[in-house]
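Just the one chain here, laid out as structure tokens, in the form predicted on its own.
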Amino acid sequence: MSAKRQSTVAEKLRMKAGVLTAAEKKLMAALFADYPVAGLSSITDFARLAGVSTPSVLRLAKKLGFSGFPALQEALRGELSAQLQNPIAKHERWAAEAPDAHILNRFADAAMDNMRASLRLMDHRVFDAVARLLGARRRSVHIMGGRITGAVAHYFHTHLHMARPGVHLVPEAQAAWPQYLLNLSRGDVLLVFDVRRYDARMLDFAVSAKAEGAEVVLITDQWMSPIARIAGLTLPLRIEVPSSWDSNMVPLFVAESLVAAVVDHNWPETQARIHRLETINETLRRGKS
């Protein structure tokens, strides 16, 4: 079995969200607004940023299981290092720590750990809110992904587009982005898949989309893309596996779950749309024969 991985500070905060005081919730919001960098300043600066007292920072650190604020910061620095880790360094670390078990078993253990941890930490209310946004037919949905997550974005677009109209895939080519921003309307949804190492260009696009009035939704990893600063809804997932690259298995699972939620919520309209699509496909096939 794979070794149990430590929860990030963000995950610890989400697990404790129900028992945090008003001051501690302010600290959580300040940290999430620029995660994890906001927590790497002095305790005085961090408290001032959140508008609370320094003892509140100490109490929060203890509530999260740290011996004090320096220990919390050490955890955040480790997360920052993990965010910036490149594939070569990642492979060397895994190779050094790899057990003797076969890669299939090690990879399966990691993937199942990721799934369990992601589901345990996921706020179902946030998931449901994302599904409602994606299912609202008065809103157009724009989907984009990065170099690694682009395949998930494309797959998600293909399935959501069958379930409802008004679904668009933002192309990888930046030259086309201004036109896509021009076509955005207030109230549209921009769904972004972004995992480490994060793409600064997508942050710029998301900021511009929000300025145009779009609702930004982010699906990211446990270290959280900088897009989380401006996203209205964020689903952080576990993605690390014994490989040179991170895994898209959990993001793909969540993407399929979101499509299923949209289909279930709008089943009569979706059923009629799929029947019509099948009729069109059959007509085109007959035309070719």
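Quick caveat, the model's predicted, so the values are computed rather than measured. Just so we're on the same page, rigid core means the largest C-alpha set that superposes within 1.5 Å between forms. Residue positions are given as counts along the sequence shown, with the first one as 1.
We do not show the form predicted in complex with the DNA, though everything after this point is about it.
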(request) Mark Val52 yes when one of its heavy atoms lies within 4.5 Å of a heavy atom of the DNA in the model of the complex, and no otherwise. (result) yes
(message) My question is simply whether Ala22 lines the interface with the DNA in the model of the complex - judged by any non-hydrogen atom within 4.5 Å.
(response) yes
(request) Report whether the minimum heavy atom distance between Ile43 and the DNA in the model of the complex is within 4.5 Å. (result) yes
(message) I'd like to know if Gly68 sits close to the DNA in the model of the complex, meaning any non-hydrogen atom pair within 4.5 angstroms.
(response) yes
(request) Would you kindly say which of Asn248, Thr234, Ser56, Gln222 lies with a heavy atom within 4.5 Å of the DNA in the model of the complex? (result) Ser56
(message) Given the stretches 208 to 216, 136 to 144, 68 to 76, 107 to 115, which is the single one in contact with the DNA in the model of the complex, using a heavy atom cutoff of 4.5 Å?
(response) 68 to 76
(message) For a quick check, can you give me the residues of 218 to 244 that have a heavy atom within 4.5 Å of the DNA in the model of the complex?
(response) Arg229
(message) Could you check, with the core superposed, whether the Cα atom of Met202 shifts 2 Å or more between this form and the one not shown?
(response) no
(message) So, superposing on the core, is the move of Met112 at the CA at least 2 angstroms between this form and the one not shown?
(response) no
(message) If the two forms are fitted on the core, does Thr270 show a Cα displacement reaching 2 angstroms between this form and the one not shown?
(response) no
(message) What direction does the Asp113-Arg77 Cα distance move in the model of the complex compared with the shown chain, closer or farther, given a change of 3 Å or more?
(response) closer
